[in-house]
Ligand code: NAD
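Form predicted alone, single chain, as structure tokens, below.
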Amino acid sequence: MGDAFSRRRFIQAASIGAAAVALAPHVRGEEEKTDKKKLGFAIVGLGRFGAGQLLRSLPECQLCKPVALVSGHPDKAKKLAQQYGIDEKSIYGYENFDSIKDNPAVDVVYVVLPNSMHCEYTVRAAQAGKHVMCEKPMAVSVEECQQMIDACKKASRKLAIGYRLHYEPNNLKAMEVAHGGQYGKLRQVVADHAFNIGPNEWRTDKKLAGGGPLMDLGIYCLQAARYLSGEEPTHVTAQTWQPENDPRFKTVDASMAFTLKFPGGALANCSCSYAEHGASGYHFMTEQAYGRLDQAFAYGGISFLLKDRGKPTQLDLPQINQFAAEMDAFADCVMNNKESRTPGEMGMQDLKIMTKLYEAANSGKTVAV
């Protein structure tokens, strides 16, 4: 990765000033008036996530507002536009998306499409002169990630990936405990993320998703290991399971278990699955402490048990609107010409590691990263 995400810069990206952004105006049930200009966001893709999470969260933002929608379902888009006070002239289809360049109300495009479409619409948004947020995984290949980064740089536009947990108080505190030095060196991370997926989901279509549960769920485990260690893995192993008689998994695996080895000595054991009811969290051990985050990857309801040299404490940290926090953080970067804590380079590094994990699963060997 070179200097772009050295250990020092990764830790800075993960933690410095993070608590101030995450805890400020986004605690559930609290509102704060602001006279600052709000940046206009266009949501590209109005599925469960785009409409149900991002669009719903924008009215809670201090620096953002919804101003445009992009969808292949005009009736749905019109209904949502009325609900959120968006001018119907700012509804776009995929065929006329590029005309968004002529809409001065749109400052940021948030791409919330199937993974295989992330690259195309990020590049097109940058060429239209808009800053871009893109959901994770960033793309389906390292090459696509590079295209996205290059397009935004060429257009002098900012790019951030939707790693909302970098703005969430419990995960931020876990980063501090794991590599802050107070509790000694990190030794182990165990992270799991799973659910039983339904039929006919685009996430189980390899052409759209780029892979199996690793791309959707395992990336949380991978991210946790990276931000808890503040390092990049040097070696990985992986195993997958793909049942023969389940129509959901014709083109992708149902489960993956993988390990990561870090240069400072930490080890991570992770699992992800679309075929079981499982946990959504992690625990970690340093030389002097044990931490467990239940529902660590969830949109809310996260809890943090910390044992300091064996003495347990249930930490009481705020539950925030994670989506409002990440969008406001990006708006602040655009307004003040700052680098995002979750830039495209971070997303590309995840794709590099996930590519190596699939290589390890296919070969049955330990693979150097």
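Numbers for residues come from their place in the sequence shown, where the first is 1. Here the structure is a predicted model, which is why all the values come from computation and not from measurement.
Beyond what is shown, the protein has a form predicted in complex with the named molecule; the following relates to that form.
Highlighted residues Gly40, Pro66 and His131: none comes within 4.5 Å of the named molecule in the predicted complex, counting any heavy atom. None of 96 to 104, 254 to 262, 199 to 207, 152 to 160 except one has non-hydrogen atoms within 4.5 angstroms of the named molecule in the predicted complex; the exception is 199 to 207. Looking at Val112, you'd find a heavy atom of it within 4.5 angstroms of the named molecule in the predicted complex. Within 4.5 Å of some heavy atom of the named molecule in the predicted complex lies at least one heavy atom of Met117. Not displayed here, the named molecule is kept clear of Lys173 by more than 4.5 Å at the level of heavy atoms in the predicted complex. Using a 4.5 Å cutoff between non-hydrogen atoms, Pro343 does not count as a contact of the named molecule in the predicted complex. Note on the partner interface in the predicted complex: the residue among Gly211, Gly281, Pro137, Gly291 having a heavy atom within 4.5 angstroms of the named molecule is Pro137.
Contact annotation: of the candidates Asp192, Asp216, Glu144, Glu231, the single residue with a non-hydrogen atom within 4.5 angstroms of the named molecule in the predicted complex is Asp216.
Shown without its partner, the chain has Gly45, Leu46, Gly47, Arg48, Phe49, Gly50, His73 in segment 44 to 73 as residues with a non-hydrogen atom within 4.5 angstroms of the named molecule in the predicted complex.
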